[in-house]
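Only one chain is given next, in structure tokens, and it is the form predicted on its own.
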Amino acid sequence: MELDKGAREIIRVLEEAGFSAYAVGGCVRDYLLGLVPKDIDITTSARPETVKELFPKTFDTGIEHGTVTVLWYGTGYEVTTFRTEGKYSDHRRPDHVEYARSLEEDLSRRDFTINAMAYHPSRGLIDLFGGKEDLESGVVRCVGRASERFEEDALRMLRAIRFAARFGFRIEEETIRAAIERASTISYVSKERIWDEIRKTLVSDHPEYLSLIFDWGMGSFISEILQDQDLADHQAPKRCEQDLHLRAAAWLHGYGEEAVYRFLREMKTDLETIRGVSLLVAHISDPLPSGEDQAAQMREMMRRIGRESVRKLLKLKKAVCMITEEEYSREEALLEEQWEKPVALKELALTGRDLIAAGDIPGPQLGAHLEFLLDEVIRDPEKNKPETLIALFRNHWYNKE
């Protein structure tokens, strides 16, 4: 294991000032798994105010919890003082944070053994709770008593599912029992934090692990909408590429458009996700082109919901077994064939100004005339020429008059 230069330098500076310091948590786990960690967190015996004095560029990103971000070689490193927490009245955050006297105290408060290891450039791995063995065995296990870890922070139940899904691990039995016993406490956790864990699990290698939300009894405590666990499709997301909108639609489609929209709003997801997932669920039962002029029907679908949404919709229909692989291949080929054909007003070979110059009158009817021309182009893309569209417009307007 080799820490990057910035982490090594921060540890060196802290130690030369008389303090102990270690890389800790997820970065150690990822190094042992042969992965490149996204961030390197450092734990130290130095207090936050001392860390700020020792380094020229710092940010108070979580100073109330003992965390200061140190900017070193253009990279931010979270440096946190050894700490231990008091009582968790709300099952989410400690009532107060106390600084610990040792690394062992600090590691003992962490969630899972695989996240409770530390590393020092010269002393090597510090593994007090069997995290390395659990990594090698593929086990997610709470540090100490699982009931206490979940009582402290109910979000850890969803984190257990997420880590198991990310690495394809199994969850240790005591950890499962403790989660089932405390399923109702997930209601104390903010919707944003709940969705963040669901989101990460959805795009993991094993999104089917979301079924544990219901197996452990958390569904109805997360949202009333999830009371009926039979409506969730836990296998379909794995048959999709790792696209959040596609996998969320595959997981939730059985609840229907309105319920999915309300659930995503309740989870306070971003507007792009709400629109993207709801759109796919809303159109999942739309018929595919059939009979005569399938190309024009495909162009109309592209016009109605957008090219990329049609692509995702085909993948969604295949994932939830609404169409066969053969049908999917046929429709995908048709979509690709029609991909470059004009299907939006901005793709017409003329604009509203061109129609005004040809004699149209500005106002609501101008938009209606453009839509009429787009209808004609959807039926026959060869009509998308300025002179042809002007002729169509004049003929249409004259006949209307």
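Worth saying up front: this structure is predicted, and the values here are computed from it rather than measured. Numbers follow the displayed sequence, beginning with 1. We call the rigid core the largest set of C-alpha positions that still match within 1.5 Å between the two forms.
In what follows, reference is made to the form predicted in complex with adenosine-5'-triphosphate, a form of this protein that is not presented.
J.: So which of Ser220, Asn115, Ser211, Thr269 reaches within 4.5 angstroms of adenosine-5'-triphosphate in the predicted complex, heavy atom to heavy atom?
T.: Only one option qualifies, and that one is Asn115.
J.: Can you pick the one in Arg307, Arg262, Arg182, Arg193 that has a heavy atom within 4.5 Å of adenosine-5'-triphosphate in the predicted complex?
T.: Selected residue: Arg193.
J.: In the predicted complex, which of the stretches 315 to 323, 148 to 156, 229 to 237, 246 to 254 has residues with heavy atoms within 4.5 Å of adenosine-5'-triphosphate?
T.: Of the stretches listed, the one contacting the partner is 148 to 156.
J.: Please run the contact check for Phe163 against adenosine-5'-triphosphate in the predicted complex: heavy atoms, 4.5 angstroms, yes or no?
T.: Because a heavy atom of Phe163 falls inside 4.5 Å of adenosine-5'-triphosphate in the predicted complex, the answer is yes.
J.: Consider Lys38 of the chain shown here, and say whether it contacts adenosine-5'-triphosphate in the predicted complex, taking contact as heavy atoms within 4.5 Å.
T.: Answer yes; at least one heavy atom of Lys38 falls within 4.5 Å of adenosine-5'-triphosphate in the predicted complex.
J.: Would you check, heavy atoms only and a 4.5 Å threshold, whether Pro342 touches adenosine-5'-triphosphate in the predicted complex?
T.: Close contact is absent here: in the predicted complex, Pro342 is far from adenosine-5'-triphosphate, nothing within 4.5 Å, heavy atoms only.
J.: Within a 4.5 Å heavy atom cut-off, is Glu331 in contact with adenosine-5'-triphosphate in the predicted complex?
T.: Taking the distances in the predicted complex, the answer for Glu331 is no, it never comes within 4.5 Å of adenosine-5'-triphosphate.
J.: Taking adenosine-5'-triphosphate as it sits in the predicted complex, which residues of 106 to 143 have a non-hydrogen atom within 4.5 Å of it? Please list them.
T.: Stretch hits, in order: Arg109, Arg110, Asp111, Asn115.
J.: Superposing on the rigid core, I want to see if Gln338 changes position between the shown form and the other one - specifically a Cα shift of 2 Å or more.
T.: After core superposition, the C-alpha of Gln338 moves less than 2 Å between the shown form and the other one.
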